[in-house]
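You are given structure tokens for the same protein chain in two forms, set apart as structure 1 and structure 2.
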Structure 1
């Protein structure tokens, strides 16, 4: 187990280093050069030169890269010249909101996908299976911004159940207005139910065909008992890995959802930064999101290894 954990952690570290390399490259494909991008088209050559020297852009690329890593390790993610605030403090304000949105959406999607998948697996190829699968697929196939808008039309405009705009302010203020969270979380969760339930359905079906099901049935266990006590437990474990793998996709969805509902998370911040060409903020968010994704999938793999011993002993 320790060897497995150590190996996965080293792998995760290598990935993080490669991610830092990627964002460094991203920063250097900006049009013109960073000084021009930040100071704008009216800056004089002398100002540009001064900015370059001040920020180390006149040095060789490898040295700039090591400087960049050094700054990252000190949690210095750069400075937003548009918002006149450090990127780290911006993230500190906005990141918790996105964590709440994504976390709730994943939980809701999981809670919804379990009964859906069980119905699909038990009533395989029956009308119920087709109806549920069709609905889940349709939701998956809808562009998120349209799904969000339809939910607003139905639940905010017609039924007036929930507000059409997300609560503003910091985490405390968001959590004190839970009604405002319902539609953004639903928008993000409904798209994931299809992929989660499809995965769980095939995992359930694979397990239903295993010998242990027949053995348990032969020993007198009820169908229901076998399903919930044996099959369901075994089928659920792979879902943990799936959540880890789905994180980047869910975060992409969160960006759209936050834009639709004006939800004050990092997705909206990223989008607004793109509009104002605030590259420092975009790169800061990118690297934090990427590190979070790596950490998330690492955590998922480790949890899976804890739950299923075959993983840690099987793979050398």
Structure 2
């Protein structure tokens, strides 16, 4: 297990380095001039040149990249001249809000997908199974921005049950307005409910066909008892891995969701930074998301081994 964790950490480090390199190159080949974006349209050529020299933009891209990696190793994510604030402090302000949004969405998705998947598994190929499958496919294929707009039109404009804009401020202020979280969380969770429930349904059906189910039934165990005491636990283990693999999609969906609802998280910060060509913030957020994705994938694999004793990583 220790060897497996060490190997995965090395692989994760390689992934983070590759992500940083590709993002760095992409940010620097985008149209526009960062010096012009920061100093404004009225800056003189001499001022632009002085700014580029001061910040190293006049150097070749490989040298700029290695300078950036050196700053990362010293936990320096850069400085946002647009917001006049360090990237680390910006992430410290915005990241907890995104963690709240993503965490609530994942919890809601898990709570909803379990009864949905069980209903589909025990009523396989029945009308209710077909209806839920069609709804799941529709939700899974629907873009987050479109789903968010539809929820705003229905529940905020028509029914006036929830506000159309997410609560503002820090985490404490956000949590004091739970009604404002309903639509953003629902937008982010519904797509995950669709994918989680389909995966859990397939896992339940596979386990229901195993020999141990027939043995338990032959010994007199009830169908409900077998389902909840044996089948459900075995079928739930792969969901842990699915959550880890779905983390990049959930975080990218958070970017869209936060933009639609003006939610004060790193997704909205990334969007605004892209519009203003604030490369330092864009790179910092990308690195943090890459690290979170790698860590989530590793944690999911370890939890899978804990839930399923048959799994032993690193053994021949």
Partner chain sequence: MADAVIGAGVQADRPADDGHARPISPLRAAAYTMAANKGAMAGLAVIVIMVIFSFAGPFFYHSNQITTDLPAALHPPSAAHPLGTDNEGYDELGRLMLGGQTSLEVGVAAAVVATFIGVGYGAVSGFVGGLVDGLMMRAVDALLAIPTLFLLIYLFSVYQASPVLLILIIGLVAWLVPARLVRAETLSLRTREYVQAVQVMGGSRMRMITRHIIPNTIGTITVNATFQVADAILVLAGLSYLGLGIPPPAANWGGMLSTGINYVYAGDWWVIYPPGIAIVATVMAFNAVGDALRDVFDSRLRPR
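A quick note: this is a predicted structure, and the numbers were derived from the prediction, not measured. Basically, rigid core = biggest C-alpha set you can superpose within 1.5 Å across the two forms. Numbering follows the first chain given and starts at 1.
- One chain, two forms displayed separately, with the form predicted on its own being the second of them, structure 2.
- Remark: the rigid segments turn against one another between structures 1 and 2, and the hinge among 186, 74, 110, 99 is at 74.
- Hinge motion between structures 1 and 2 is captured by two rigid parts, the smaller swinging by 17° against the larger on C-alpha superposition.
- Here residue 60 exhibits a Cα shift of 8.0 Å between structures 1 and 2, evaluated on the superposed rigid core.
- Lined up on the core, residue 20 has its CA atom moved by 4.4 Å between structures 1 and 2.
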